[in-house]
Structure formats: structure tokens, C-alpha cells
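Here we start with a single chain on its own, the form predicted on its own, put down as C-alpha cells.
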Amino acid sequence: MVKYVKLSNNVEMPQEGFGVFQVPESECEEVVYQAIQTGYRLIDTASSYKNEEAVGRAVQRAVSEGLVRREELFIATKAYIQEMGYEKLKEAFFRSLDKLGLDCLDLYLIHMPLGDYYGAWRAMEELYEEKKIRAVGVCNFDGARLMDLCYNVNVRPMVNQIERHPHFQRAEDLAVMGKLGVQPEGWAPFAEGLKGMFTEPVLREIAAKHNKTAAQVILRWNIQQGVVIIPKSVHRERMEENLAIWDFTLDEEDMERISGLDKNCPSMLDCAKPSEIDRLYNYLENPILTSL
């Protein structure tokens, strides 16, 4: 049974959800529908993923068939760099809401700490006060940028979605989020297998000890540190495997051994590199299959 975390505004959010980055529009409706069937209640998408309409169709299908009630689902989407700024954000929000076929979002996020995200945040605060959004947050903000934002807004982000996995553990950033009352959410918890993630001897040994897979150990490690996770898979058996992490516990020795895997650098996204910023600004025109 997936547990829930309580955000700073007392909204409850599933601690494990389902991400749809790189899921093609043609497959996304069926994949999300299967995810809901499997038991996922948090669905995470973004305007830049170009599959919001498919997510919306899957949600409507699941609700209309009585598989789930709308209020049981926690639907999140994000505004990309080109949608930053007060007016642009308002337009982007209602565009996403229309594509999803919803009248309210459970979580709306600024996708990147780039562009006029302060203007965008003012618009998000208004939408939040108007109860169009149940919770607001950001993605890919390091501790310093998150702290600066929190000290200059009326409504603090409730969530910060970041790259977070055993090779990039981000203890300092998590400490800042704890101080500010911001819920950490980890995207790409497996780092898409980069840098030998799934072949790490430590992870494989711990997995064998608990009769689990390395992937399940990674997800459980996040959960035990209070991080929300959104693994993705288009395969039903992997969806089920990723949910089967609530029946075991990593002990203190396991956690300590995993802490030793930290390379203290991103595997997927480095917002400190000018070349990466250039790529992000041009992503929609020339998408590269690198996680966002």
C-alpha cells in the first residue's frame, strides 16, 4: 500500500507515482491507464512531454469505467521555460488544464529555474489562491535557488522535483528543503541506468539480501528518506515491480552502504553548465532524449 506525505499546506500526496517522460503520445493513454490499474495514483507529466492529452484521456477513461474516482488521483504537470512570465504562465496553465480535461490540478510545477520564473510564480500564487491548483512547486532548483525563491514569494513551493538517485544523493539540497518545509520529489530515480547504476555490487548484494531487485532497493532507499518518487516504465510487469517496495525495510547498514555510492554530481541534468542551458532553451525545437 503506497503511503502518503503531507505537504506544507496539508495536502496529501502519494509518495510513489508514475512518470511519463519519453512515453510517446501514441502509447501514453494505454500506459497511464495500465499504471492506474496497477495501483498508481500520482501521475506526473509536463507540457514539454507533449502527452498531456493522452494522460487526460487515460484519466477520464479510468474514472468513467469506475476504476478510480477523480479525487483519488493526484495529477501533476509542469510549465516549461518558454512558458515563464506572468501572462505566459496563465496561458500555459489553462492550456495544460484543457489538454488534461480537468478543472483543477493537484500539483503545478515550474519545470526549470530559468527565464522569468518569478513572474510565473506570481501567476501560480494567484491560481493557487483561486483554488485552481491544490499545490504549487518547482523542479530542478538547487538549494541556493530554492532558498532565494522562498525568501521572495508569498506562497512557498510545496514540492521541489529534482534529479535524485544513489549516484547523486544531494544531502545539502535535501537539508535546505527540510529547513524550508519543501517536499523533495525525485525524478529519474534509476538515472536511466547510467554509470552502471543497475550493476553496482552494493545494490545487487542488498537486493539479494532482501529477495528484491536493485531497482526496488533504489526506490525503497528514497522512500525511507522521505523522498517522493516517480519511476517510469511502459511494461506492466515493471510497473508492478516498482510498486512492490512497501513490504520490506532497508536496515541501517544497507542505508550506510548506499550512502557510499554518492558521486556528488548529476548523471542526467547539470544546470551549472552553459551547454546544458543552451540545450534546455532549444529542447522543444530539437528534443534530445535526456531526462528533464
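Start at 1 and count along the sequence shown; that's the residue number. Please read these numbers as outputs of a predicted model, since none were measured by experiment.
FYI, the form predicted in complex with a small molecule isn't displayed, but the following is about it.
Tell me, yes or no, whether residue 140 is in contact with the small molecule in the predicted complex, where a contact means a heavy atom of each within 4.5 Å.
Yes, residue 140 lies within 4.5 Å of the small molecule in the predicted complex.
Heavy atom of residue 69 within 4.5 Å of the small molecule in the predicted complex = So residue 69 does not count as contacting the small molecule.
- Message: I'd like to know whether residue 56 contacts the small molecule in the predicted complex, with contact meaning heavy atoms within 4.5 angstroms.
- Response: Contact with the small molecule, no.
Is residue 220 a contact residue for the small molecule in the predicted complex, using a 4.5 Å heavy atom cut-off? No - in the predicted complex, heavy atoms of residue 220 and the small molecule never come within 4.5 Å of each other.
- [ ] Go through 58-66, 259-267, 244-252, 226-234 and give me the stretch that gets within 4.5 Å of the small molecule in the predicted complex, heavy atoms only.
- [x] Looking at the other structure, the answer is 226-234.
One residue of 215, 100, 133, 146 in contact with the small molecule, assessed in the predicted complex (non-hydrogen atom, 4.5 angstroms): That would be 215.
Which of 174, 123, 81, 191 has a heavy atom within 4.5 Å of the small molecule in the predicted complex?
By the 4.5 Å criterion, the partner-contacting residue is 191.
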